[in-house]
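Below, in structure tokens: the form predicted alone, a single chain.
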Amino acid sequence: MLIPNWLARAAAQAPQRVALIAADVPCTYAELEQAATACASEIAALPIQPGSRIGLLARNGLPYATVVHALMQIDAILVPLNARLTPAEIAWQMLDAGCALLIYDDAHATMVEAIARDVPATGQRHRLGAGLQVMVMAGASSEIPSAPSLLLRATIDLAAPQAIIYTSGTTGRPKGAIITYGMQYWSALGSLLNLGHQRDDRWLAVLPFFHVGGLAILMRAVITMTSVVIHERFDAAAVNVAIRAHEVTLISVVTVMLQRLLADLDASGAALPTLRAVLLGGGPAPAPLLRTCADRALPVLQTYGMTESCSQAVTLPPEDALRKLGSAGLPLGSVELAIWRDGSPAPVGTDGEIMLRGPTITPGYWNRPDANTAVFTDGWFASGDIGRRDADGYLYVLDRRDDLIIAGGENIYPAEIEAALLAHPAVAEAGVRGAPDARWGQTPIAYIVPAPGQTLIPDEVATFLVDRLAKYKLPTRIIVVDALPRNGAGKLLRRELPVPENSRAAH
């Protein structure tokens, strides 16, 4: 299905409407299209073809948004890279996606030099506008298409990939979820139908654009011709000021962000009168936090979603914020939701696996037919999450996957940390689980068993992990034990790993 190019449509129909506000500087839709077209022309002059994968490593800001829209103009596929990962982790994702180029800003230049040691780069570097640079990968196409054939696409193929976003892997390696233009389009329309649409809506984007939740805000705004206020990073005081200064109506946050926003409001005594919805994702929220927001008349709406569902798949309607406290809500208009147990629908009120189907669900993982076979059944996507639905059809999420750790909204899989621990020559076995944490919600703690004849020093093992895992994945405590709990088949029972009373103590 082809639809009009939504950036060109916005620039034609509302040229003077503010598209983005970055560093308190507004950018209209006419200006955004002009910048994206100029950027697309520069990128098209490099050795790429339609369908080439382009890595992007940059801070939230106008340059990031410009590249996102520029790649749409030349039919290239965005691979947003998580700046919190290590250079080795980023290099692996680039190789897996087969990136032809890496676009980056000056703030990540040092990291890119480290990445270059692990990827087959040609050594070619090019300077783009707005402080961006490009590193060309070895194997990039030597046939440079003519720029006019690539620029100013009149239509968008909704079935075409817009991005490949890597999700944390349960087996030590992440998978690249394919995000199509259709997923972005139907997700935006579903959100609009649930939240309502106002021409003067302004989303405040504090989630990083390398996460689907942040990227979806950029896409949602241009599809609905509304505005986005971009913040480079989350700062509670700055966010609260921006909400008032720019009359922000909508914001997406995770629990730890919401807690800090409330604390800053308590300190400043300010109110947020223009805010009509706070979308809360990143896992089930504590009931006391939701009650506090309700007492303040702060319109917090829990959501449920993932990369594979293009951000939110289920959202609480505004009118149910108090009536269904603790629920993630109802599926968006284009999403089918079911709870399965043992391969078939579970009775109402019964726990089971959350299953999703519809045009906002990924068509699959990049070059991973094995993973696709494992998660798809007759078009239904198995989320791996556990939940139940009440008699009214509202979803209650019971667990974000069996062993998932959520730290400050970041998903951490124990198996990935265990794989890094097992790379240590003196570690025979490793087990990781989450422990409660007042600041981040959860943090990972690790248990390790020494190899025969070996002595393990936790601080040395912690140092060993620093170059192998992103900082937020590093265990806050490493404990040496004689054995790990396992079932009769030898499977590690992570939930039987004890939680120390002081899980944030030194290693």
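Note that residue numbering follows the sequence shown and begins at 1. Small disclaimer: the values here were computed from a predicted structure and weren't measured.
Absent from the display: the form predicted together with another copy of the chain. The rest refers to it.
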property: Option from 190-198, 405-413, 246-254, 109-117 whose residues, in the predicted complex, bring a heavy atom within 4.5 Å of another copy of the chain; result: 190-198
property: Partner proximity in the predicted complex: Leu484 to another copy of the chain, non-hydrogen atom cutoff 4.5 Å; result: no
property: Partner contact for Ala163 in the predicted complex: another copy of the chain, 4.5 angstroms, heavy atom; result: no
property: Contact of Leu102 with another copy of the chain in the predicted complex (heavy atom, 4.5 Å); result: no
property: Contact flag, Leu332 vs another copy of the chain in the predicted complex, heavy atom cut 4.5 Å; result: yes
property: In the predicted complex, the one of Thr373, Thr350, Thr155, Ser344 near another copy of the chain [non-hydrogen atom within 4.5 angstroms]; result: Thr155
property: Another copy of the chain: the contacting residue among Tyr396, Trp366, Tyr185, Phe234 in the predicted complex [heavy atom, 4.5 Å]; result: Tyr185
property: Residues of 216-232 having any heavy atom within 4.5 Å of another copy of the chain in the predicted complex, listed in sequence order; result: Ile223, Thr224
